[in-house]
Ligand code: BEZ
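Here we start with a single chain on its own, the form predicted alone, put down as structure tokens.
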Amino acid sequence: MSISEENITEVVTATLKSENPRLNEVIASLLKHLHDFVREVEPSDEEWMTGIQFLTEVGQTCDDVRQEFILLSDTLGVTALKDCINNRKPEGATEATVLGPFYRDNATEMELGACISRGDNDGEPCVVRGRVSTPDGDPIAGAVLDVWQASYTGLYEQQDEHQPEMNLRGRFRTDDSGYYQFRTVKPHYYPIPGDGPVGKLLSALGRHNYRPAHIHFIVSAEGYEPVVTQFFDATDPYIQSDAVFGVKDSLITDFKTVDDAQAAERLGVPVGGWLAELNFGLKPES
């Protein structure tokens, strides 16, 4: 058979004979859209090689603590779109957003009220508290909150040799009323890695590489669908231009200063510290 611009997509698709129907479906769709993209853009040989080199550099930048392909997916809005499709929620359930490339499993489970800041100067003291409930508002006892964030420097602990191992990470379990509380530091905006191929792409496109201040959560409970999400500081200068498109209106919150001395003592923060009240709704499993 003679291969032509008109028939090559059909010819390649006809070779898909996996015993996995879903694999055939996914690759057939990928081929169609990829070939249509090439037909529309008509890349030169030099442009094609530039693309190959870019993807090669993305792969070569990945290691045990950095996932450049996830970063690429995030900055192109692909991760956010995937999360929207896979996490359609009823009213009252917390919206999902991007996991990000810096999650680490096996964080230590800690007592309610404990502090996840183990460094000497991670940032301004802050208390985070709230409840986990059903979409109808019934408390969920024993729900687990897996929490992680960057320090005020904008670095997660695996990026920063000056931070203790597993710094600013912890797991908490709600009490019988669905309540949780922990101490940390007020999050700060930070740049996603700009020294790799994704950072160079953003710069070439005239885009910044900053994320607004946020705290990451994975909230789960037996009998409910877990949610991967973040809460964002409403006053952050990058709240409307997140480099990875993770901000949703329902996930924007106020961090309030604790000016009363008695309240500060009860919360375990100095006067002028911060308080954020974050509530989560979990969708029951189908």
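From 1 onward, residues are counted along the sequence shown. For clarity, every value in this text was computed on a predicted model and none was experimentally measured.
Separately, the form predicted in complex with this ligand exists; it is not shown, and the next lines address it.
A.B. asks: Just one stretch in 81-89, 190-198, 166-174, 131-139 has heavy atoms within 4.5 Å of this ligand in the predicted complex, so which one is it?
C.D. replies: Checking each option against the 4.5 Å cut-off leaves 190-198.
A.B. asks: Has each of V127, K186 and L267 got a heavy atom lying within 4.5 angstroms of this ligand in the predicted complex?
C.D. replies: Not one of the three qualifies.
A.B. asks: Report whether the minimum heavy atom distance between Y156 and this ligand in the predicted complex is within 4.5 Å.
C.D. replies: Yes, contact at 4.5 Å.
A.B. asks: Would Y180 show up as a contact with this ligand in the predicted complex if we use heavy atoms at 4.5 Å?
C.D. replies: Close contact is absent here: in the predicted complex, Y180 is far from this ligand, nothing within 4.5 Å, heavy atoms only.
A.B. asks: Heavy atom to heavy atom, is G123 within 4.5 Å of this ligand in the predicted complex?
C.D. replies: Residue-level check for G123: no, no contact with this ligand.
A.B. asks: Answer yes if any heavy atom of Q230 is within 4.5 Å of a heavy atom of this ligand in the predicted complex; otherwise answer no.
C.D. replies: Result yes; Q230 sits at the interface with this ligand in the predicted complex.
A.B. asks: Quick one: name the residues from 212-246 with any non-hydrogen atom within 4.5 angstroms of this ligand in the predicted complex.
C.D. replies: Read in sequence order, the residues that approach this ligand (within 4.5 Å, in the predicted complex) are H214, H216, Q230, V244.
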